[in-house]
Ligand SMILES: C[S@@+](CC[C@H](N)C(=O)[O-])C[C@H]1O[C@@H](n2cnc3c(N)ncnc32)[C@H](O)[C@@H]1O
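Given next, in structure tokens, is a single chain: the form predicted on its own.
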């Protein structure tokens, strides 16, 4: 399933390539592609972060946003060579101290173990992971002794709801405990239409890990959790047709902040 997802994301990189000029302008001006809630969780990194690692980094805009927030060095890891080629082009255009590594997140190189002062991931990354325990073990081993882990991700409950024609929430037929689902094509609010027809695109496998599964995996890996927060922030602009009074009624995203194994919270 990871191999299939890699092929699908190589195809989706076409859309990211269309944003290249916009990404160069954003990063070169000192801007950030991160959500305000993410920036609040991460904080000012100047003088506090020698190395930030971003897992499942895609085209690099979010990774280089960490540099603009003050990280001395950023490392992005992704399994899509086409996405990483875009990230390297972006790095060359803005002159950032960035390194890009092609690898499945479950096989993150051990050379990075214990080096992340900030370990960041999220915004649609966990749904493509098929082994949450191995993922959590990677989180635990990458953190430096004083490192912080920040995750901002779509809430699994979001999969249970859609928006009716009147702008109000209705239940979907998604099974919260179903596991991975196979599909072709992308939701326009997530990845806009590609030149390749939906039926000709690679099959991909996504799943909504429950909050219990994510938290338990991190705890069992030894990550010391400081905070779990649920948000009504629409992380991928997929519910723009919901009425304003409806938007705050269900959690659309969540965040986790943690510390390296064995380190007490400040």
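Residue numbers count along the first chain shown, from 1. The model shown is predicted, which means the values in this text are computed figures rather than measured ones.
Separately, the form predicted together with the ligand exists; it is not shown, and the next lines address it.
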- Item | the ligand contact in the predicted bound form: residue 122, any heavy atom under 4.5 Å | yes
- Task: Examine residue 103 and determine whether its closest non-hydrogen atom to the ligand in the predicted bound form is within 4.5 angstroms.
- Result: yes
- Task: Report yes if any heavy atom of residue 9 sits within 4.5 Å of a heavy atom of the ligand in the predicted bound form; otherwise report no.
- Result: yes
- Query: Is the gap between residue 254 and the ligand in the predicted bound form 4.5 Å or less for some heavy atom pair?
  - Reply: no
- Determine which one of 87-95, 123-131, 159-167, 172-180 lies within 4.5 Å of the ligand in the predicted bound form, judging by heavy atom distances; exactly one does. 123-131
- Item | Contacting member of 215, 41, 69, 58, with respect to the ligand in the predicted bound form [4.5 Å, heavy atom] | 58
- Item | Residues of stretch 58-84 in contact with the ligand in the predicted bound form (4.5 Å, non-hydrogen atom) | 58, 62, 77, 78, 79, 80, 83
